[in-house]
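This document opens with one chain alone, in structure tokens, the form predicted on its own.
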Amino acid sequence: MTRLFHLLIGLLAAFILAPIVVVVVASFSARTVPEFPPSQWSFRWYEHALNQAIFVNSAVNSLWLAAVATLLATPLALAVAYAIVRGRFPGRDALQTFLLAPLIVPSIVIGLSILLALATLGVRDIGLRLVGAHVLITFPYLVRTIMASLVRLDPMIEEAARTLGAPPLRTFLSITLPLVRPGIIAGMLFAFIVSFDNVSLSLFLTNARTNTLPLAILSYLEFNFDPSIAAISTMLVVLSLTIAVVLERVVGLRKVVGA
């Protein structure tokens, strides 16, 4: 039974990873169209992708957008998570459910709603639109991750600090914040990835002069079909793996998920 279980897990992992392997291998093709396996191997499409202004500029836009949205959402999520976990007030469960709504409602619906709301309010700045929207979609991931760390933190530790004369702010900064730092870091990394890879929300809020990398890739694929997109996808896979490794080294994935 154990062998059968391991076999099923292996088949499931192979099914999930097979498309990624195909894209990575195809990115090294020297031909003008993607092929698997490549008949000739080359790094030409990596060089081609890195020399395309549309990809470089949109990647810079995605990086600053993800960074700013994460930095703005983190303190808000920390305050909300602490209030929900440590607070005792009517409607706490309902508030928690409401704050996690962006995880349930389809992103395309959220994007259209934000577009209509901002148009009604007369907000025309593209950067402001994108930052506000991406704060909204990254916020639930941060709240959930930080809440997971706070739930595992024994309240008696904070109570002991207050009993010894530490004021609430000092207790939070010196005791609570260092102990939940792994959850905060993990949430920030997850939020950064979610913001960087977002398509459906950004689709409603960008214009031709301010584009994100996922939208630039979609636009490029409308008129081109070469391995440069596979090369970009491979670089994004490497970026995601690097973030996962950093997360494991810094805070530990088992600690984040509570295993």
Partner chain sequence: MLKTRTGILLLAPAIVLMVALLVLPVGYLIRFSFYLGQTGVQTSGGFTFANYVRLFGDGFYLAILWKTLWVSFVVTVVSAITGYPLAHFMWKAAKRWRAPFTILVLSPLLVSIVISSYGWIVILGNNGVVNQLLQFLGLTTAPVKLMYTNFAIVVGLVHIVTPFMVLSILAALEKIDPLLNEAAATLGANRFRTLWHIILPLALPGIGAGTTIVFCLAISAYVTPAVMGGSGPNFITTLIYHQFVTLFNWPFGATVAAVLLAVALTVVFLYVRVLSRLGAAAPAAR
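Positions refer to the first chain, counted from 1. Here, rigid core means the biggest group of C-alpha atoms that superpose within 1.5 Å across both forms. What you see is a predicted model, and the numbers here were worked out from it, not measured in a lab.
FYI, the form predicted together with its partner chain isn't displayed, but the following is about it.
S.K.: Evaluate Ser233 for contact with its partner chain in the predicted bound form, applying a 4.5 angstroms cut-off between non-hydrogen atoms, and reply yes or no.
M.R.: Yes.
S.K.: Leu221 near its partner chain in the predicted bound form, any heavy atom under 4.5 Å?
M.R.: Although its partner chain is absent here, Leu221 would touch it in the predicted bound form, with heavy atoms inside 4.5 Å.
S.K.: Heavy atoms within 4.5 Å of its partner chain in the predicted bound form: does Pro38 have any?
M.R.: The answer is no: Pro38 has no heavy atom within 4.5 Å of its partner chain.
S.K.: Decide whether Ile114 counts as a contact residue for its partner chain in the predicted bound form under a heavy atom distance cut-off of 4.5 Å.
M.R.: Residue-level check for Ile114: yes, a contact with its partner chain.
S.K.: Would its partner chain be touched by all three of Val68, Asp93 and Thr176 in the predicted bound form, meaning a heavy atom each within 4.5 Å?
M.R.: Zero of three within 4.5 Å in the predicted bound form.
S.K.: To verify the annotation, which of these, Val151, Ala160, Val123, Ala79, has a non-hydrogen atom within 4.5 Å of its partner chain in the predicted bound form?
M.R.: Of the listed residues, the single hit is Ala79.
S.K.: Only counting heavy atoms and a 4.5 Å limit, does any residue of 214-230 reach its partner chain in the predicted bound form, and if so which ones?
M.R.: Those in contact are Pro214, Ile217, Leu218, Leu221, Phe225, Asp226, Pro227, Ile229, Ala230.
S.K.: On a rigid core superposition, would Ile20 pass a 2 Å threshold for CA movement between this form and the one not shown?
M.R.: Where the cores coincide, Ile20 shows only a C-alpha shift between this form and the one not shown that is less than 2 Å.
S.K.: Inspect the rigid-core superposition and answer whether the C-alpha of Val238 shifts by 2 angstroms or more between this form and the one not shown.
M.R.: The answer is no; the displacement is under 2 Å.
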